[in-house]
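In structure tokens, the next block holds one chain alone, the form predicted alone.
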Amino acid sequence: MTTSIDASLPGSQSTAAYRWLAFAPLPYILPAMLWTLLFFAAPFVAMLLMSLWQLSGPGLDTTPTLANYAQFFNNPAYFQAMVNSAEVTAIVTVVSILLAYPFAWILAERVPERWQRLALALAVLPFWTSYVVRSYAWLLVLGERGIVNQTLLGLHILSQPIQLANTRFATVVGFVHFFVMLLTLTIYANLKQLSPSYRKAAADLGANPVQVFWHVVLPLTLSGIMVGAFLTIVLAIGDYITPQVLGGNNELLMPQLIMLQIGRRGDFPLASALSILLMIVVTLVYLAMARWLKLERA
């Protein structure tokens, strides 16, 4: 295309043609750019500006200050909420990976090809149910009169019900139920893209099945694990419904802390500052994971 333009047009016309080609895609990407600016960039800038303000009586003091950020570090309860969120998210991510990888392996390697689509459809059934309904369903299962306690009492393993709901354990169970399916899909996609020739070559070189998995399969499917893990971290650390329904008020997480500032105090500047800090944590996790993957591929 470049040669034909140079040959058929004078210098000024050729330059104008190059400029037109440079801006030709603009009408196609403009809607996406406007959508991003209106619904992501603009709200983020507004939240960032509000985080520098302070609640002053019935109104807002718009004098820029870092007092809201200082309050987070000076208040042990606020900082502990971040620690709790990080711990719960880490536990959920690790447990989900440990459960999802064998499940994805079975789907990709042991289920016949003609049944894999049906198996995947059955695997993603939890996604078809309302997120709130799933959380309340687990509350019924883990409650004092739930299936778990009633079964243990009926088998005379327990003499009285134990508290499973309104605990961190319940929150982790609710999260894992959802994110195992998400990680299964990302890992399954990587396993299906993995050529069997890699495993055959490793076996020909004398590697046993464990060595083949550890040195060949796992490194080559690590990108699928990391993508699913990052999605799990982003969704889990910012989730409000599951900790509120299943965890109760026994342990404060960051989304609950942010909602408390909005719902009870109407302190939007402090809630904005807490949200910014949560976004910074997620960004740092993303940069660390991206850098690690880059170093692994190098």
Partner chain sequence: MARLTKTTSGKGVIAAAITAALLGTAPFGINTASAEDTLNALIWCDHNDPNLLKPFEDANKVKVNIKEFEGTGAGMAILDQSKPGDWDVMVIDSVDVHRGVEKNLFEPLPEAELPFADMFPEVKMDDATIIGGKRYSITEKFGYNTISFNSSKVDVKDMTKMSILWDPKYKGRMALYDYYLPVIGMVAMGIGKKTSELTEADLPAIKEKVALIKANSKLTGEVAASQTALATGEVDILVGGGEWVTAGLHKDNAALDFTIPDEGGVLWAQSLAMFAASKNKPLALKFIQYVMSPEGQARLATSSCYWGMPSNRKAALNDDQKKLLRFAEQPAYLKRAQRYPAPSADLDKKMQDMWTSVLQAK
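Heads up, when I say rigid core I mean the largest set of C-alphas that superpose within 1.5 Å between the two forms. Positions refer to the first chain, counted from 1. The structure presented is a predicted model; accordingly, all values stated were derived computationally and were not measured.
In what follows, reference is made to the form predicted in complex with its partner chain, a form of this protein that is not presented.
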Taking its partner chain as it sits in the predicted complex, is K192 near enough to touch it, meaning that at least one heavy atom pair lies within 4.5 angstroms? yes
Interface membership of L235, its partner chain in the predicted complex, 4.5 Å heavy atom rule: yes
Check F268 for me: does it contact its partner chain in the predicted complex (non-hydrogen atoms, 4.5 angstroms)? yes
R117, heavy atom within 4.5 angstroms of its partner chain in the predicted complex: yes
Residue within 4.5 Å of its partner chain in the predicted complex by heavy atom, from A202, L185, M226, V217, is L185
Quick one: which residues from 239-258 get a non-hydrogen atom within 4.5 Å of its partner chain in the predicted complex? Q244, G248, N249, N250, E251, L252, L257
Quick one: core overlaid, is Y240 moving 2 Å or more at the Cα between this form and the one not shown? no
